[in-house]
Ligand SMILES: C[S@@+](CC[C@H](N)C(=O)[O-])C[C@H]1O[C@@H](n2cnc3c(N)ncnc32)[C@H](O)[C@@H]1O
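Presented as structure tokens, the chain that follows is alone, the form predicted alone.
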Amino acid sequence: MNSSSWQFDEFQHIGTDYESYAEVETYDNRMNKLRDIKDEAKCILCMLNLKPEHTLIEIGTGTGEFAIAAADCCSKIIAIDVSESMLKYAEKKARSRSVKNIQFVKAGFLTFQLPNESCDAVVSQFALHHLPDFWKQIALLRIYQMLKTTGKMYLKDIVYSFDPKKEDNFFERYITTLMTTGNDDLQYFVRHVNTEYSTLAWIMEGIINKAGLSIEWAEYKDEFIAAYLCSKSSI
């Protein structure tokens, strides 16, 4: 038994299989129906206030859309993902747009290897829920270590902020809405609730604070999406 045999396997397939190239190819179109990706990227970059000399890490880069949008704002971006298919797709997209300052790395929250205080900003969107709560804590402790003293973290994920006593009502209401509107995202939502590790808002806030990160700004939307801008503080 090696020293890391007890560690959670973040490369295991949970939820939607993004090693499937068919899923990867449809990902951008599906996300663009749900979100304004370009506008979101602009808002995040504005909050992070990146400088030309900065290094940014994105964990769970997916198809690389945010990393590419950030490429003009700083000197170096390290785009991390556990999916080989996602990384290949993102690299191809970056080349097609003549973006050359992104390093793509196959790794995740628990397996990336970077020196302490080596980056100015960390961004992660809709990726942390692939880890159970204990491993979320380890992930954010690792992020704390790699951030510079003045570093910032932007985190967005599926986080439940509704009253757990009303979980039947919340999930049934949301699923009914998806069904009546003919939204093809229904299967992804059901699969997420069944198999992935979204947590509660108060737990997420505690995990962030326990990692030594201070929440400067938080937004909760539709009772299941949360976004946080955090700064490095003292544990």
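Don't overthink the numbering: it's just position in the shown sequence, from 1. Predicted model, so just to flag it, every value in this text is computed and none were measured.
The form predicted together with the ligand is left out here; the points below concern that form.
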{"query": "Candidate stretches 91-99, 141-149, 161-169, 76-84 - the one whose heavy atoms come within 4.5 Å of the ligand in the predicted bound form", "finding": "76-84"}
{"query": "Joint contact, Met153, Gly212 and Trp217 to the ligand in the predicted bound form, by non-hydrogen atom at 4.5 Å", "finding": "no"}
{"query": "Partner proximity in the predicted bound form: Phe104 to the ligand, non-hydrogen atom cutoff 4.5 Å", "finding": "no"}
{"query": "Partner proximity in the predicted bound form: Met204 to the ligand, non-hydrogen atom cutoff 4.5 Å", "finding": "no"}
{"query": "Distance check, Arg35 to the ligand in the predicted bound form, heavy atom within 4.5 Å", "finding": "yes"}
{"query": "Heavy atom of Leu48 within 4.5 Å of the ligand in the predicted bound form", "finding": "no"}
{"query": "Single option in Tyr188, Tyr27, Tyr174, Tyr197 placed near the ligand in the predicted bound form, where near means a heavy atom within 4.5 Å", "finding": "Tyr27"}
{"query": "Within 55-89, the residues that have a heavy atom no more than 4.5 Å from the ligand in the predicted bound form", "finding": "Glu58, Ile59, Gly60, Thr61, Gly62, Asp81, Val82, Ser83, Met86"}
